[in-house]
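Single chain ahead, written as structure tokens, the form predicted on its own.
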């Protein structure tokens, strides 16, 4: 997704671009995730600023692409299961509103108007009208297709073997399909970014974080918003007061999410596990996700689950993206480490990296996402 978005924006400025894809488009995290464009789940400050700018770009992208990306500004709900979670959500909503995001806290009766069949155990929720959803497959493929129409060459099933650097500048990329002469290379390799970094002797601290999701049968419209539980934010942002209390849930990094796609299927998630590069699903996680989901939305027990899948998020040490240049290596740019925010932040990442590559500067400050914040 990040590579396709960057190529899309570079081509709009007339750049000559080649995408080198080791497998196939959307074969990694971009094709194994939900389609949340969630603003209220972002960290306050630069992370939220980035997400808001990105969210504003999606309507124009939806108009521009020839593929229906199923963009839907449906709003988002975050549910609290107990008084402590509600207190945390209320305090967070106050800070988000101060930062300019439209967030309101709902009482149980208010919530039932938006989500009629929610569990009676839910104590309240926060609602953000600007939260939205897209189809991540269609977004990735649609941006890549549009970029191709503007001149991008896409090499699929082509692996990078080495990056040649001479006199502190990128000169060449050696691949299984031959050598590509280029003075500018963008690393948008997701969980493969650490391996790419080693080619230029730079440590890009990305590790895979597995997320498992269930897919139900298609049904009539049951959800009018994207929905998450407070523990989802707790595991995502490491917020002590919102972490799962149950030992097994804590081990899995379990956090409730639900969205209904344009086709009617409901995606239920998710986990945050450090299991190396194993992208398989597990019975333990599948059962935990289903049980957890029923605790929020009891009617889910009446749905048939038709499949499950897992993806590997490119996770950085603080869960935030790594954007920008590398000291001592001219022409090497990084656009990676988006963790579970790759879809939401794709548009703004593509635009900013395009600006950086072509102009040497960006319209937003990306210093907070520099590789060197970890040093």
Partner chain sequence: MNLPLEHTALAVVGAGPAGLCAAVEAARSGVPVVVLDENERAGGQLFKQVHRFFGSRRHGAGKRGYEIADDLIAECLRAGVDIRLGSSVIAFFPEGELMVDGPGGVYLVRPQAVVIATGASEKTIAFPGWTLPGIMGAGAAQTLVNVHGVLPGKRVLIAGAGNVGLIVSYQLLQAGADVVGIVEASHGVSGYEVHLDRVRREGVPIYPGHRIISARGRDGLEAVVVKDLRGGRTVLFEADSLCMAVGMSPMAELAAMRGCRMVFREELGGFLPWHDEKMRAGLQGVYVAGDAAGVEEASVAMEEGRMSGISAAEEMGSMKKRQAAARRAAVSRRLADLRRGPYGEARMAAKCSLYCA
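Numbering follows the first chain given and starts at 1. These figures come from a predicted structure and were not determined experimentally.
A second form of this protein, the form predicted in complex with the partner chain, is not displayed here; the remarks below concern that form.
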Practice item. Counting only non-hydrogen atoms, choose the one of 275 to 283, 98 to 106, 124 to 132, 162 to 170 that falls within 4.5 Å of the partner chain in the predicted bound form. Key: 275 to 283
Review point. Given that the partner is absent here, does residue 291 sit within 4.5 Å of the partner chain in the predicted bound form, heavy atoms only?
Key: yes
Review point. Does residue 176 reach the partner chain in the predicted bound form, with heavy atoms at most 4.5 Å apart?
Key: no
Review point. Might residue 203 be said to contact the partner chain in the predicted bound form, defining contact as any heavy atom within 4.5 Å?
Key: no
Review point. How about residue 287: is it within 4.5 Å of the partner chain in the predicted bound form, going by heavy atoms?
Key: yes
Practice item. Counting non-hydrogen atoms within 4.5 angstroms of the partner chain in the predicted bound form, say which of 224, 117, 149, 248 makes the cut. Key: 248
